[in-house]
Structures are given as C-alpha cells and as structure tokens.
Ligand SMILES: Cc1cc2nc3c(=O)[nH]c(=O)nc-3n(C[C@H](O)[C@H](O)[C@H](O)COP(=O)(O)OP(=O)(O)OC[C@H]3O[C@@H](n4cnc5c(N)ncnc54)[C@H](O)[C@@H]3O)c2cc1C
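For reference, the chain that follows is the form predicted alone, supplied as structure tokens.
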Amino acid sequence: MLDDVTESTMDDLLATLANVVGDGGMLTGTDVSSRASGIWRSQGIEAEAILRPRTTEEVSRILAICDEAGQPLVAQGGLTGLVEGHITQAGEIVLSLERMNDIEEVNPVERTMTVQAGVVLEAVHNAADEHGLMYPLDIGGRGSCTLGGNIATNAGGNRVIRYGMTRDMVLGVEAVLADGTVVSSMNHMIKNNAGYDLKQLFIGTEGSLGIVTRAVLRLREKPRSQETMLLAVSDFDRVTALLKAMDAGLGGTLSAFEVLWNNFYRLVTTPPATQTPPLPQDYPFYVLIEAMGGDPQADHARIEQVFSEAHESGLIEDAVIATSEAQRRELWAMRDDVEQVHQYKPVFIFDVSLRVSDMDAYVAQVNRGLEATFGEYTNFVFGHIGDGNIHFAVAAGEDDGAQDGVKQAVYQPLKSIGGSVSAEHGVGLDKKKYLNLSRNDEEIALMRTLKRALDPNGILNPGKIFDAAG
C-alpha cells in the first residue's frame, strides 16, 4: 500500500494511468470532489482521481499498473449502496465503469443478454422488454444502480421470493484480477458443471477479489399478467399465514410479498409524501402482493379466489386490488418511497435477514433495545418479508453519535437466531465490525485466504468487509 506515497510519485502514476484511459478518461481535482459520493450522501468523493475506462483491456492495464505500484483502487458503480462499500479516502483511486455501458447482445432464443458492467439496471429492463422478455431483478434504485454494482453486492430486491438473488440471474462474467489477469468466464448456459463455477468468486464479494467488466444475464419470458394488491392485516401471525396461503394458492406465480409496518405506511401516505393512503392508516400491517402469470383472465380469477379464501378465513381485514397499470405503479411507488425517512435526521438504515418465524419477536426485541438505550426513538419497519429480509430506518438521538447504540440494538439479537447482518447490500465498511455475528471464525479465515490468493497486495477495495489480518 502507498502509505507514504510522495506527490511526485503519485503524479507519475496518474500520468501513466491517464495514457491508458485517454482523453476524458481521468477526472482529478474538483471534478472528483464535486461529485457526490452516493445518492444518499451529500459529501463529495475523496480520492486522487477517478479513472473511467472504456474496455476490459483498459481495466486490465489499470489494475496491472496499480498492483505493481501497490496503489489502492476502489470500484464504484451507481453509488446506491448503503454500507459504505464504495467509499474512498485520500490516497486511493476510483475505478468507475460508467463509460462501459453497452448492451452488447440480446438473444431472444437463448433468453440471454450480454452487457458491460456500467449498464444501468433500468436500461436492461427496457432492452429486455423490447424483445418480449424480462430481467427479474428489480430494486428501488433501478434508475441509478449498475449491473456491475448489482453483481458485486449480489443485489436482491422485490422479486427474490420467486426469481432469487442476482446470483441466480447471472450465467457468466468477465472479471479482471488485481494483477490485471482477465478471467473471461462468459458462460451462456444454465447448466455447466465443468469444474469450479468461477463467476461466484466475483458475485457478492464487493469488488474485493476482482472487477467485473462484462456479464451474461439470464432473461425470462415477459409475463402476460401482473396482478397487484395491497392487503391490511391485523397481526404478524396472520401475515405469515397469508404468505403461505398466497404462495400455495397462486400456483407458483407469487413474485413479491412486501410488508409495511404501520408507521412506515403512515410515513409514505402522509404529506409531504405524495401518495394518498389507498387503505385506512390504522391497521398494524400492510402487505403488497404481486403475482406474474401467463393467462390474464385465469390469473385474475385465481387471485380473486385466493383473496376471497384468505378473507373468509380471517387473514385479511381490508384490501385494494389494482385495476390498471397506473394503479399498480402507485402501489409500488408507495413502497419505494423510502426517501421519506429522511424527514428524520439523523436516520440510520438497516438491511438484515432472518427466518420469517423469528421476525415478530426479533422486531420487538430490537425496539426494546432501542428504548432501553435511547428512551425515545422511531423505528420504521418494512421489507421483503417473503424472503426473510427486513429493513429498519431508525431515528434515535440528535446526532450521529447514536449510531453505535442503534447498531447494537439491531445486530446483536441476530447472533442467537442465526440471522444475517446483511441481507442484500453487502458488508462494506459499515458492517464489518459485526461480521462475526453472522459468520464464524473458520468462514472468515477462508474469506481472508481467498483475498490473499487473488489480491496478495491488497489493492482492491482495501479495508472493506474485514481487515486484511487479525
């Protein structure tokens, strides 16, 4: 690492790298510091430079040069992450693949798409749609996040209950190792058990083992129907019973099961939020359900039948069913309006995973911990409950000094129930102190072994996930 790099040495290194990326490929000075370091952050980027290559070959040359010099390098995508995995500091260089944003091929027969890592998720959705296909990954940051970032963090989102995580949607990747070696594992097949599945080294490892530059995505046929409804439920036992009833009754078409606790629902349906409440605001839980199928008439009849049965059995208190695409979008806009939590400052956002059967008791335990530590607090709760993922947005105290106490209340109870401190955003800097609550010593030791093997000089996203030693 360049702990004591001289100004002249850095200048020489940057001059060499500028030759690699060509005109417009390097940003320095105020062109770096004036860029926000994330969509949730007002601070500018702190780094020596931002490199913006156009090809895998340029990425390879950049990494080879930086590895030889021991120069720390941090890859950045759409900057939508919440765990400080993309944060840089003085002396580091940013590698941005924002100019590597081509959709190289859509193959309707094979139902695959080949993309560069800088492509924005929404562009992938649009390109698939033009061919009557769908890329199932969908998250609130779809208009900003990039496929490279999605892959690096193994992004989840709204449809994991049916289609799985990003890991389940990527057939192959091309990645560059720390020393510049290009590993092109651009597999186009669903089944390929010929040796190690090398793409898994780079999916969910936060750019710490290599930089993904291209990928082959698995597409699905575009559904012919999309049924969306919002249901009001009186207690969490009925929420879990409703999940089972809907999943079974809808015959495998259930694609989203989002749950909003009362205070989050009130937040996103009360001014200054722009959504009006589609259901009264006094129910304990609200469940947003979506089913995707292949027969609009039959699918609509099926969801009405399942809804009727759930209502008759006492699982549902109230409901609204979207009857148009505009209404469907309004329901989802309410769920996606997470920005409303920033009415409270400071607010700390969490993304954890645990068994559905443990959720009700866990949320209660977190709230008891917050009350014991802070007395007064607000904890907005929502998430992809169908796949075991809860989000918290916690406001407690009047400054950022409350963060450690909030983290203890949220993370510590996960250890005894086998939960995870990170469901879908990764570890980054923000959660590495708590990694041992979800991973044992042997697992962390193996992670370090992989890091040393693939990045022996420790130049890739240094200090993230875990420290290099210890």
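A quick note: this is a predicted structure, and the numbers were derived from the prediction, not measured. Quick note: we count residues from 1 along the sequence shown, nothing fancier.
Just so it is clear, the following notes concern the form predicted together with the named molecule, a form of the same protein that is not shown.
For the named molecule in the model of the complex, the listed stretch (217 to 225, 154 to 162, 369 to 377, 262 to 270) containing residues with heavy atoms inside 4.5 Å is 154 to 162. The contact with the named molecule in the model of the complex, taken as any heavy atom within 4.5 Å, belongs to Val74 out of Met246, Ile385, Val74, Met134.
Put simply, of Leu231, Val394, Ala291, Ile211 only one has a heavy atom within 4.5 Å of the named molecule in the model of the complex, and it is Ile211. When the named molecule is considered in the model of the complex, Gly78 lines it closely, a heavy atom lying within 4.5 Å.
Taking the partner from the other structure, the named molecule in the model of the complex has no heavy atom within 4.5 Å of any heavy atom of Gly172.
In the model of the complex, the named molecule lies within 4.5 Å of some heavy atom of Glu206. In the model of the complex, the named molecule sits within 4.5 Å of a heavy atom belonging to Ile39. Shown without its partner, the chain has His86, Leu97 in segment 86 to 106 as residues with a non-hydrogen atom within 4.5 angstroms of the named molecule in the model of the complex.
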